[in-house]
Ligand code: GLA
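Before any questions on how it binds or moves, here is one chain, the form predicted alone, in C-alpha cells.
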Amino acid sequence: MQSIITHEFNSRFNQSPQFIVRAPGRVNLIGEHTDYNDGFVLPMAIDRAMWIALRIRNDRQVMLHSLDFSSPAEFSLNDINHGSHWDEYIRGMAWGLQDANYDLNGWDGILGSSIPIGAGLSSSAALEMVSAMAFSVVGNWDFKPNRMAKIGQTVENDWIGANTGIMDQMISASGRAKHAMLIDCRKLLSQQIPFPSNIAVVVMDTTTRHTHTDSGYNERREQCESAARIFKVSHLRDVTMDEFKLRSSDLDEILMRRARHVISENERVLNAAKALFVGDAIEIGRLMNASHTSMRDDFEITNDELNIMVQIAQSQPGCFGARMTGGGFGGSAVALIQEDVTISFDKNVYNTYLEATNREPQIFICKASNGAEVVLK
C-alpha cells in the first residue's frame, strides 16, 4: 500500500510526499461490548491498515483524496462542519483535536486502505488514528496514544453518533507487532502479551455488513446502562458473577441476559489473557467458543451468517476456537488455529460457507502489527 499511495501522490501533486503515516485495523480475540462497560478486552492490531501520504499546506485547508472514493475530503480548519460521506471521520478528528486545544495545520494527502469496510475490523478507528497521526506530523506535536484514543472515542460518540467504547482506538493507536493487548478500559492500562508463533489468527468476513449507528449497538449500550443502575453501580464491570446470581431476579429477562453476557465476558477475557501468556491455545479456544454462545444467546448480536461461519470454523481440524468479532449484526468472525493447517482451513471454510449461504467470504490470515506510526518523515 505504501508504494501505491506514493505513486498516486506523485501523479496528483507532481512531487514526493513529505510524510507517510499508517494506523491498523484490529481483530478482537475476545471481549465484546465490554469496553463501554468499563471492562476488559483482548484485541490485536492487524497487518491491514489505513495509510496516508501527505504534504503540509501553507493555509488551514485539508484536502484528502481516497483511492476508494471518487470525491475528496475537503474542508477548512477554520469552519469544520459535518460532511455527508466517508470524510466524516476526518472532519470529526479535526473537530475533536481542536476542541482538545491541539494546533492544527492544513495538508494535502492520499488515503489508501487494506481494511474491508464494515467487516468489524475497525476501519473507522483506523481512519481516526491515521488522521490524528497526519495532523501530528504537520503540526509537529507528539502523538500520545491514550490521549488520541480518547479523542477518537469522543468523535465516535459526539460527532458520529455511535456510542462505542474505547477499545478500537486504543489498539489502533498502541498495538505492538507479535503481541495481543489486554486493555483495562476503565483505567486505560494495557499489557502487551506475546502471541505464540505456532498459532494463527484467521479473520473470516461473512460479507454481511453493519453500522454502529443504525444497528442495535446503541440499544445494547442503553440496556447495559439500565442494568448497571439496577445494580447501583456506574458500570457492569463492577458486578461479579456471584453478585449477579444473587440479584439477577431484579432484572427483566432481556436486561438479565445482557448483563450476564458482559459480566461473564469480562471473566473470559481475563482468563484468556492468562492462557495466552502461557501459550494455552486449547483454553483460549474454549473461551472463544463460550464467548460466541454468549453473544448469540444472551447479547443477541450475531446473525445467521456469523453463526454459520463460526460453526463451520469450529468443526475444522486444527481449530482451537472461533467466535464473532466486532460490534456484531454482521461483519467477521475470528478463529484461532494451528499454523500448519491454514491452507486446508481456508479452503474448507470458504467452500462450506459459500455452499451454505451462497455468499463468497473473504478469509485471510492476520499477523499482529504495530499501532499508529510514521513510516516516512
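Numbers follow the displayed sequence, beginning with 1. This one's a predicted model, so the numbers in the text were calculated from it and none came from an experiment.
The protein also exists as the form predicted in complex with the named molecule; that form is not presented, and the subsequent description refers to it.
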item	value
Gly330, heavy atom within 4.5 angstroms of the named molecule in the predicted complex	no
Interface membership of Thr164, the named molecule in the predicted complex, 4.5 Å heavy atom rule	yes
Non-hydrogen atom contact Tyr217 with the named molecule in the predicted complex at 4.5 angstroms	yes
Contact flag, Gly39 vs the named molecule in the predicted complex, heavy atom cut 4.5 Å	no
Stretch from 61-69, 27-35, 346-354, 43-51 whose residues place a heavy atom within 4.5 Å of the named molecule in the predicted complex	27-35
